[in-house]
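Just the one chain here, laid out as structure tokens, in the form predicted alone.
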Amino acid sequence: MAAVQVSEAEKVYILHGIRDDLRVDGRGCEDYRHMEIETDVVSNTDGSAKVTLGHTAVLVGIKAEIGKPRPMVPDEGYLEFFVDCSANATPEFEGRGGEELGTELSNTLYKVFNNKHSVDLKSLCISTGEHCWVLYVDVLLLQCDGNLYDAISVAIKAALFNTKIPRVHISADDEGGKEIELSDDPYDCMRLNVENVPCIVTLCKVGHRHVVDATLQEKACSVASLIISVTHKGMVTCTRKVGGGSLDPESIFEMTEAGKRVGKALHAPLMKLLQQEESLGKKHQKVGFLG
């Protein structure tokens, strides 16, 4: 992941500020930076969203294609994730610099989102054991200024909310086989229920406290981080520890409780915002270079 060099004096300044619940940019320890969300920004996808969190920018596009169900779960569809770390986000991603991070992000996203507790995978089944919808989720990192997991998870939830899957009609052909027809009507589509889709909250241990939505400078002062995915009811669906340092049991408990609290509070305004933008239809103003 992108990293910055921080002097000892800067580290002391950041640590003392966090100790007093006052970060360099004026936020408290459990506050997010300003977040902007746009949906339906990429025309050749079935669903898309762009999220800007501080100076971190993420673009997500979802493409629905008909595939074969997995043998273990013949009555469910599934999601596939690919994360592209653009060299424009940070010079460290030039060449093959972002491949390892991209793989790490994809694996974590797969654990968080590709399960029956997050998305109703049975609704993606077309014909048991034969056909299902496969959602290809492509994530592009446009700018990197810390807290990638949280920004990506919000962008994925927004893109899934925006996804429109064509209605499928199955009929029998002359030989007794099944013939699949997709509706041409853009309004005759299936929408996903994203209520249970979790948001990821990353908490960084800095000194004796932990912070939400850490910047690159704060990340440089952190010994370890805890990634927690939380549903709208405050249920934890996945946890993962990253970083070279260690976390004691008391810190893990405190960070988990803080993650549940912050994650639960994030869902309601996010869903309200997505529904407001949906109600605007074609009138909603597009900003940035995608406008």
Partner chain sequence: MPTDTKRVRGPELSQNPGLFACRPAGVVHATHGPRADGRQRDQVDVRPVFVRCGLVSQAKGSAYIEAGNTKLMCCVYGPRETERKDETDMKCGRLTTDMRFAPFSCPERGSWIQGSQDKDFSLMLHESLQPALCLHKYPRSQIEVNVMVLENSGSVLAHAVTCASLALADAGIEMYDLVLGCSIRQDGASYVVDPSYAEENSCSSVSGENQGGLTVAFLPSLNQISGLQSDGEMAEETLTAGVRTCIEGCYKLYPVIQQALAKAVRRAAPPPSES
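Small disclaimer: the values here were computed from a predicted structure and weren't measured. Numbering follows the first chain given and starts at 1.
Although it is not shown, the form predicted together with the partner chain is what the next lines describe.
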(message) Under a 4.5 Å heavy atom criterion, is M235 part of the interface with the partner chain in the predicted complex?
(response) yes
(message) K116 versus the partner chain, in the predicted complex: is there a non-hydrogen atom within 4.5 Å?
(response) yes
(request) Indicate whether K164 is a 4.5 Å heavy atom neighbour of the partner chain in the predicted complex. (result) no
(message) Contact with the partner chain in the predicted complex for I62, defined as at least one heavy atom pair within 4.5 Å: yes or no?
(response) no
(request) Work out which of L226, C29, V51, V41 lies within 4.5 Å of the partner chain in the predicted complex, going by heavy atoms. (result) L226
(request) Could you spot which one of D120, D84, E104, E92 gets a heavy atom to within 4.5 Å of the partner chain in the predicted complex? (result) E104
(request) With the partner chain left out here, work out from 54 to 62, 240 to 248, 262 to 270, 31 to 39 which stretch has heavy atoms within 4.5 Å of it in the predicted complex. (result) 240 to 248
